[in-house]
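Following this are structure 1 and structure 2, which are two forms of one protein chain, each written alone as structure tokens.
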Structure 1
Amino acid sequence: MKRSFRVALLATAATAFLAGAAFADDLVTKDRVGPADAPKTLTLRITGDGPYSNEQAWADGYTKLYSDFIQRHPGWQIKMESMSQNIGQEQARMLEQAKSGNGPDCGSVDSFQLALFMNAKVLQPLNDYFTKEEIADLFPFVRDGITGPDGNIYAWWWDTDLRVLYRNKEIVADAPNTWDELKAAALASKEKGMEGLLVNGGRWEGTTFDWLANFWAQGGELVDASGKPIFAEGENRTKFLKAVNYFKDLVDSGAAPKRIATIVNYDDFNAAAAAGTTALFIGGNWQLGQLKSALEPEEFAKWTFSPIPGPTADQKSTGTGGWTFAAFSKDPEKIAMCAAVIKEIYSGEGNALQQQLPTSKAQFAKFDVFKSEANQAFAAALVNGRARPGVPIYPEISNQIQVMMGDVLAGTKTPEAALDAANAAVQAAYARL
């Protein structure tokens, strides 16, 4: 190829690329996707997972996904609405707007709030847009979470997370499978200069959510089918106290340091791992990438993870969260457009872009990023996933568990007295609902 022709060809390609980029920029503006004069409009309310993400690579990736999407759907424009970082307040506001008929056509709903929206009957069924095979392939806790009492699915849960036990293989060679094995491993790590097992124990949601795995692993239930708190009744009381006493024993025996009663941030575990002061902690799947970034390669290679140990080897659970999309509009065309956004932008492509764990086995197999040994292990652990109950009383239950844990770990109340106090406060709050 002659140089002059090659230069001309490159110039043409560059011009085409720049024109394409400019076209994409035109289609994805600050608050709109698609032509401003498009006759059909969908209002879409999202979190930071979109073209306006603070993570530039994600923002660029979503800009392309949205640009390609809107070109496949001529005649449409999407009016974008962004939620603030105050997710609890945003979800409450969207629910009230939806009740009064002023909600968005389509929007992001926090998975553990989804039942509140379904109970308020503000969501539209999405069954027609997902095959039976796609629904059947969802992890059980996901399928259960999006399915209403009438058997319809009222949202699509597109990403999730989970908690696991991280360990430094150089100090704790074998994965503990039971509570007793974890306690023994933590005590053995102290003999090698570590501070033992680190878990969340302070006043925040992470303490409740991470500890609940120990209650759920025994089959414990926080509420009944009507949403009434039952965690302090009958067999649930026995299982609840067993899980509280497990944490108390970890501290009393020295397997966990007393300072866990003040830990209110997963970042503390990363810092301890980087400082070489702990060999064991209960953390989120997202922390694997954080450890990889924070540690030197030879130090990161020492770390691995395994399922959270249960009272017995076959009793395991892990808390799972994540985000859903749901349709609020009753317009069939807008419901279909909402489903298209979910299927063509978020479920699959969005997971791969952000490396957010998918909610079905098929997607773990479809995208290369999820075929890694680590992500396959996360997928296996999700089989034991358990979501928080989406009932109005859950926030107070969580609040009282945090208070209870502080009292027990500090030794100011016995587990029985702390449970009774927590239950009294929760029942009083439930009566006021």
Structure 2
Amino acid sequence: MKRSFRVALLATAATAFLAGAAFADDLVTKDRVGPADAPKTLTLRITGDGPYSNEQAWADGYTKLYSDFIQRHPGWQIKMESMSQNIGQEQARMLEQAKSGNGPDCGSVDSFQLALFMNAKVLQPLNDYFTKEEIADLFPFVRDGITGPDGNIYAWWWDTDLRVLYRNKEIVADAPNTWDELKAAALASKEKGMEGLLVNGGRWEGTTFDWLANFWAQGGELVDASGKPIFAEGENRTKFLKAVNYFKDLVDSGAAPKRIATIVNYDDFNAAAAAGTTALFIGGNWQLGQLKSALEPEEFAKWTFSPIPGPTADQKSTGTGGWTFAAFSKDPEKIAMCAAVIKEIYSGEGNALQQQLPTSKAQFAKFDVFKSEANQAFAAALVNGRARPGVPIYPEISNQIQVMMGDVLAGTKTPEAALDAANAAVQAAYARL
């Protein structure tokens, strides 16, 4: 009797578990979270940071987070809209849709494009959903980035990232601190059969963003306080050319292969590290986790990172990016639901799941994963962090820097001629804005 009771109990528990699991799965379908007949609907447009992530661990983690979330918010369903990898196009499309009143209720906005959305007046203030303490605890560049001219916050910047210099300790023992030291280390690595330093140099945003650290480290400014491009004027011009010549010299001297002019993806660095063909590359903090997954433990142990070298040891900078969530709907209930998605799924839990750097000191302290040595080092490096200027002309400045870099690295233009061409194009575009 006792045995049959135990069996029955076990069977009931197993059924309940399976039913629960099935229920959770049912709540997160291909394009919806929550029951299909729920009366209230929130349309949510996200990047790969969600239940449909290509990283299985992230997909599983977000499926659980969304499933738990929707059970805490009965009566709601979330219609999920996924962005493709072509982020620039996706953001432009979302901006256009939002302007015509057809945007999602809530959506992911790339941090450097947030100002464009704010200027277009398509976002709703989120002040009521975050305490003053929470806002004050954000890193200054994050707080500035989400605050509109009227002092309201128009998004929540939930994760950030930064660029560092990765190196294989077995080949490059000491962290290079200056441009000269990096060049010497890269040339030395070539003598050990490596390619030299790898950096982004092709036609994409990463090229501009990673290179800007060298311009910013000297105190260079792309635009003035009014948003006017000034990178080719006065001292900025000198600093700009110095940073361009630094990259040109890396290629001309052989410290970096000419093929960097074709690199348009951080994954190329992971591939080179896995193939054992490079010992130095400038990449994002998120790549540490990717290297850990891609390399054998003994190989991964050889890799470490340090701040991006500057022209001198005390002149350092690094680009910081990341993603925000913003509310497009004017319905107060939907704005509140959007804020709830941010607070309950992404800001904190999502950071910990993806090991994406949080945007406030409190979050770093809250989750054990960010107490690791590596993440503490990333947090410390954020001191030198700098976000791209949130001005409408930035995309064109970036585009022209990419063109300029290709022309200089391929040797089709001198740095001076390439800068003049870039400036002429940017100023013409600025005049039309």
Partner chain sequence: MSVVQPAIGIERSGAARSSLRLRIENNPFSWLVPVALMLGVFYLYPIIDVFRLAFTNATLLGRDEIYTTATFKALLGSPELPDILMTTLVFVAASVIGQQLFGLGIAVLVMRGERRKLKGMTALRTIVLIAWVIPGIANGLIWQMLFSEAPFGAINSVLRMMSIAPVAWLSDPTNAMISAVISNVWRGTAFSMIVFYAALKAIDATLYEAASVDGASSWQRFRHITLPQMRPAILVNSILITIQTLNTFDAIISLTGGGPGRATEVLSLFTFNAVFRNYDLAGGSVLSVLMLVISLVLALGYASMLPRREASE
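By convention here, residues take numbers in order along the sequence of structure 1, the first being 1. This one's a predicted model, so the numbers in the text were calculated from it and none came from an experiment.
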query: Structure identified as the form predicted on its own; finding: 1
query: Identified hinge, 265, 371, 410, 392, relative rotation of rigid parts between the two structures; finding: 371
query: Rigid-body rotation angle between the two structures, smaller part relative to larger (whole degrees); finding: 17
